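One chain comes next, on its own, written as structure tokens: the form predicted on its own.
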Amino acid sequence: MKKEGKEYIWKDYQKEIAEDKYFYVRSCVRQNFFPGSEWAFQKILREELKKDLFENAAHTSCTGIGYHTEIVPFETMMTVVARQFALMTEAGYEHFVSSCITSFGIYSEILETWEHFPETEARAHQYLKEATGRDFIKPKNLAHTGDIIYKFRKEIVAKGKYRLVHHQTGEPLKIVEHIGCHYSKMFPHRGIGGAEYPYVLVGMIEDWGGKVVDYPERRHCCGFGFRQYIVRANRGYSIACSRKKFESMEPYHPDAILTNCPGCPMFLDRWQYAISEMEGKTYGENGHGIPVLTYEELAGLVLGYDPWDLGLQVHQVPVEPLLDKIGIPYDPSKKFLGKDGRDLGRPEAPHFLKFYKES
């Protein structure tokens, strides 16, 4: 196919992403799993890119986990979402940005429902008015925070100190990208590249100097799946899903895994530790695991942020092998210090997975 034809077809897989003035809502779980990610996003947007990013401390969970586990009914979830939109309206913003992939899927589902069933939107206005006295205007633009980093990926690398290349050989680092299921599988037109060719993380990796690893289970679930893990009896299925991905990517020797969902990095990181304890098996080089990063953490490394300020010390799989390959300096003695410099103590080392850097 001619290049012009490919470019024409590819237009159908793009989405509009607002340029500035974002109303930002956090994830209810990301700040517990990887607390530096949302901090990094705000720092990058406000200080590096000089964007208007507004956050209202009164916003709440979207109820996504409760909704997808059939605890929270649709009407309740819809009213909670309507309140989020009301907070945006009251603040004078029109562009809604969600930190969580599941929340992004929830907001997408609500907007899609209202578009096709306006009587349901009318009920949302009624319920919210009765419950809170508020009203709302729908967002003019809905984006995930990963979309924003993708949109400004070239500006980020232009300001950056490092690229995703081996600092000794100059070879591109091999990165696995994992897309959260709720990003574009439910509503493909709301994700960059749709469900077939999701490009949001690929674009970052390639423009930041890395090479994307393609492997058979690239689009397989990370293993979270809510009821796969929240229901204790199902957790064997959860870890089996992750193991299937690790076994599939292992022959390609990836240097890191990049994710765009709160649950995916947690499970792809923690289950490597669990599998190593259960089977004595590790998937990285020389007894290490494969480091798992969020897109904000990776963007922060490219920009030269201190790895411990990014919270990389809370990862179960150590990131030091990746830092060493890129040539990013770090102080091992500060890995487990608090913000006040107080020693927080050293976690117990796993039996098989290498956790501490060898001297």
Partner chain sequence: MKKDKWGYGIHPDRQIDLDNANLSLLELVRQSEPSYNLCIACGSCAATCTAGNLTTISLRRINIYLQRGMIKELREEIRRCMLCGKCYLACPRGVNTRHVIIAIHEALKATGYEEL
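Positions refer to the first chain, counted from 1. Remember, predicted model here, so these are calculated numbers, not experimental data.
Another form exists, predicted in complex with its partner chain; not displayed. Remarks below refer to it.
K.L.:
Pick from R163, K211, H125, K244: which has a non-hydrogen atom within 4.5 Å of its partner chain in the predicted bound form?
P.N.:
Spelling it out, the residue with a heavy atom inside the cut-off is K244.
K.L.:
Answer with one of Y237, F226, Y199, F187: the residue that has a non-hydrogen atom within 4.5 Å of its partner chain in the predicted bound form.
P.N.:
Comparing distances to its partner chain in the predicted bound form, the residue within 4.5 Å is Y237.
K.L.:
Does I230 make contact with its partner chain in the predicted bound form, using a 4.5 Å heavy atom cut-off?
P.N.:
Flag for I230 set to no.
K.L.:
Under a 4.5 Å heavy atom criterion, is I275 part of the interface with its partner chain in the predicted bound form?
P.N.:
I275: yes, in contact with its partner chain in the predicted bound form.
K.L.:
Should E279 be classed as touching its partner chain in the predicted bound form when contacts are defined as heavy atoms within 4.5 Å?
P.N.:
Residue-level check for E279: yes, a contact with its partner chain.
K.L.:
Does Y183 reach its partner chain in the predicted bound form, with heavy atoms at most 4.5 Å apart?
P.N.:
No, no contact at 4.5 Å.
K.L.:
Taking the partner as it appears in the predicted bound form, which of 102-110, 147-155, 80-88, 267-275 has residues with heavy atoms within 4.5 Å of its partner chain?
P.N.:
Going by heavy atoms within 4.5 Å, the stretch is 267-275.
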